[in-house]
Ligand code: BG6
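Shown next as structure tokens: one chain only, the form predicted alone.
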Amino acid sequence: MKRSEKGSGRPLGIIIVGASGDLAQRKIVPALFALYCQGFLPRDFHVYGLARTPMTHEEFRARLMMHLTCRYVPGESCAARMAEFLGRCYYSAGQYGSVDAYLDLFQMMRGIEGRQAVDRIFYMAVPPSIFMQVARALGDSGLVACGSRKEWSRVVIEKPFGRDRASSDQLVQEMGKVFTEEFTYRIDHYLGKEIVQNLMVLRFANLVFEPIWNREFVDSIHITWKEPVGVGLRGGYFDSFGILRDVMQNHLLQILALLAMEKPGDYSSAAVRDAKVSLLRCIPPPALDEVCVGQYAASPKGPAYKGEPSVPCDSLTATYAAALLRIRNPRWDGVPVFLDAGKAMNERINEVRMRFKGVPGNIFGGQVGELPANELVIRIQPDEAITMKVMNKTPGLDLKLEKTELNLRYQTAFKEEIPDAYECLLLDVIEGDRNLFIRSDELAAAWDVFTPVLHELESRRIQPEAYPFGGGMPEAAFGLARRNGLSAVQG
């Protein structure tokens, strides 16, 4: 089904495993409702939730309704649309690893759908630790279409995909016994964000950037991710992974791959992902002294990480990390790449900052001194924008230069509603478009970058540097940036 063929296609059943959780109720189902309101779901579709919590269909629908919004259907018609959509949502309780739970689910679906051929999407909105037991139970129940059957079954799994290269390989191998690579969609919701998707358009649909997108003109690249909140009630989950696995190995590395990869042969999913894999394989693992880790401490703005619910009092898990990466290929060799990510920081921001080299032969030196470098800033969130920082003469009789911004703010430049990342990604799953999903060799290449230093941090029991809740970067991160000539890195 293509976007131009709204409402077409075979009947579709969307099974959400873990339907009682926040991910399902706050992200997945609202995204499906948004697609429904715009006519992007097949005419004959149903949403089935499975989780351990006992619930009736009506109780399930009441929970879902709390998080539905009228972004695409304002006014009085929204209530009717909600009722129509929720009338297609059903619930079945059961244990995630139980074959009987999925057989019960199948009987319920058969009673609703009849015996017609139905395409199915299985969305695993559950912790990664139980992906494999869910997949085995699905396979053993016979619920997954395979072989010569004309209908298809696709599975969506959320990051993190394993804890290191070895566990990731095992997950890929075990999941592959039930769902082949062709029907596996590894979702990184950052790839669904509008401005991340625009990275390729910015680079390859504008002639002005390609000649300067290389080591001859670029001085450094800084990709940052910060949020002002702590882990809160997610302490148990977060402490099992930490910021390097939760954000840096996936979100930031994916952004870097799109930013720095070579131009693919075309816009097909195979060509784009081939280009990303080639880039990732050019990044050697950082040494231990090229990585620093931090952990937030108590301040008037919030509690210490170790004081959060479900976090051990002796935890060494990093809530902040910075890493210096190098790309060993002809385009980028010698350009330092600084990644950093942290929770309980002083702001909410995710942006790419590409700093260019200084202007040679400054003819204005006597009047204005040293010219600051140009910068391209791509702000992914909040307030999506692309900004080019350039020098201009200020109005007046004197020669006075000032750094100004050529600013494309999405909210003012475009009238269209910016879709949620999950809306975009779920529609791609329905259509079978794998462009924004992570292939197994791409996953392996990403883990190869960080697995060695993750093991070293853990084996040496490196103590994270404390930083105050609501504060800026730890001092060690500033030191790492200064040692490598990244004086423009800001905390």
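For clarity, every value in this text was computed on a predicted model and none was experimentally measured. One rule holds for the numbers: they count along the sequence shown, beginning at 1.
The discussion below concerns the form predicted together with the named molecule, not included here.
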query: R273, R326 and E442 all contacting the named molecule in the model of the complex, non-hydrogen atom within 4.5 Å; finding: no
query: The named molecule contact at R81 in the model of the complex, heavy atom, 4.5 Å; finding: no
query: Partner contact for E227 in the model of the complex: the named molecule, 4.5 angstroms, heavy atom; finding: yes
query: Heavy atom of D119 within 4.5 Å of the named molecule in the model of the complex; finding: no
query: In the model of the complex, S240 touching the named molecule (heavy atom, 4.5 Å); finding: no
query: Stretch in contact in the model of the complex with the named molecule, which is absent here, among 119 to 127, 190 to 198, 260 to 268, 327 to 335 (heavy atoms within 4.5 Å); finding: 190 to 198
query: One residue of K159, R355, R163, R154 in contact with the named molecule, assessed in the model of the complex (non-hydrogen atom, 4.5 angstroms); finding: K159
query: Among the candidates R234, K389, R136, R379, the residue which, in the model of the complex, approaches the named molecule to within 4.5 Å (heavy atoms); finding: R234
query: Residues from 236 to 274 in contact with the named molecule (non-hydrogen atom within 4.5 Å) in the model of the complex; finding: Y237, D246, H251
